[in-house]
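Heads up, the chain below is alone and in the form predicted alone; it's given as structure tokens.
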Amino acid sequence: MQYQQSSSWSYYMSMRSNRHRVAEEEMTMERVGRLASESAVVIFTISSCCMCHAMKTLFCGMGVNPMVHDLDLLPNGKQIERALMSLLGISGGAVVPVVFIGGKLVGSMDRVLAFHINGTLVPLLKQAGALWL
């Protein structure tokens, strides 16, 4: 009988822990959504990442002033990074830079560069109000 109580207590605690983790993930996703909607262009980066620097340089060179969130400088940056990985559908590896335009997820460096090369990035930026010309 003692074993069953211990087993049910473990089950209860694990379920409680899972609910807590899910609630934290939902709050983090909401926070990402709020941060992504702060400006016409939002980039999640890591301050020492050369690809992140290249992404910022691309947008600044186009005359766009992106809102940049350096995940390594934010107190909850790791949770935001996990949420971004979930949004991108990846389970490991480099996640940054991640770009949102007009509050919508564009993606990582490869997607942004593909949009730039095929000519769809500028219209997207104009539609979001990041470019006027």
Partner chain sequence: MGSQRIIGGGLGLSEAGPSTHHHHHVPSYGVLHGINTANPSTLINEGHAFNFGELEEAIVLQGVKARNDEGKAPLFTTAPRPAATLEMFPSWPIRFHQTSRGGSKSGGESTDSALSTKTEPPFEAESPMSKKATTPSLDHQHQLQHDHHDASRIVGPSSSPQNQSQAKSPHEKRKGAGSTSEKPLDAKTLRRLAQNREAARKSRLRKKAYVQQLESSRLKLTQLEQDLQRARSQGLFMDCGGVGGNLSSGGAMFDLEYGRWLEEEQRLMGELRNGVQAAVSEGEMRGIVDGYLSHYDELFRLKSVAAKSDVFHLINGMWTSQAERCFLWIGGFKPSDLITMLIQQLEPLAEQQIMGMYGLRHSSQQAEDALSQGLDQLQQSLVDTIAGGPIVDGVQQMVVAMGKLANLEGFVRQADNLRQQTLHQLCRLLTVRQAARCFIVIGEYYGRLRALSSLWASRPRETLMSDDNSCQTTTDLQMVHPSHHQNHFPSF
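Model, not experiment: these values are computed from the prediction. Residue numbers count along the first chain shown, from 1.
Same protein, other form: the form predicted together with the partner chain, not shown, and the subject of what follows.
Heavy atoms within 4.5 Å of the partner chain in the predicted complex map, among the stretches 58-66, 99-107, 37-45, 71-79, onto 58-66 alone. At the 4.5 Å threshold, heavy atoms of Met27 stay clear of the partner chain in the predicted complex, well away from it. Among heavy atoms of Cys49, some come within 4.5 Å of the partner chain in the predicted complex.
The partner chain is not drawn, but in the predicted complex it has no heavy atom within 4.5 Å of Arg31.
Remark: Leu88 does not count among the residues lining the partner chain in the predicted complex, judged by a heavy atom distance of 4.5 Å or less.
In the predicted complex, the partner chain lies within 4.5 angstroms of at least one heavy atom of each of the following residues of 107-124: Met109, Asp110, Leu113, Ala114, His116, Ile117, Asn118, in sequence order.
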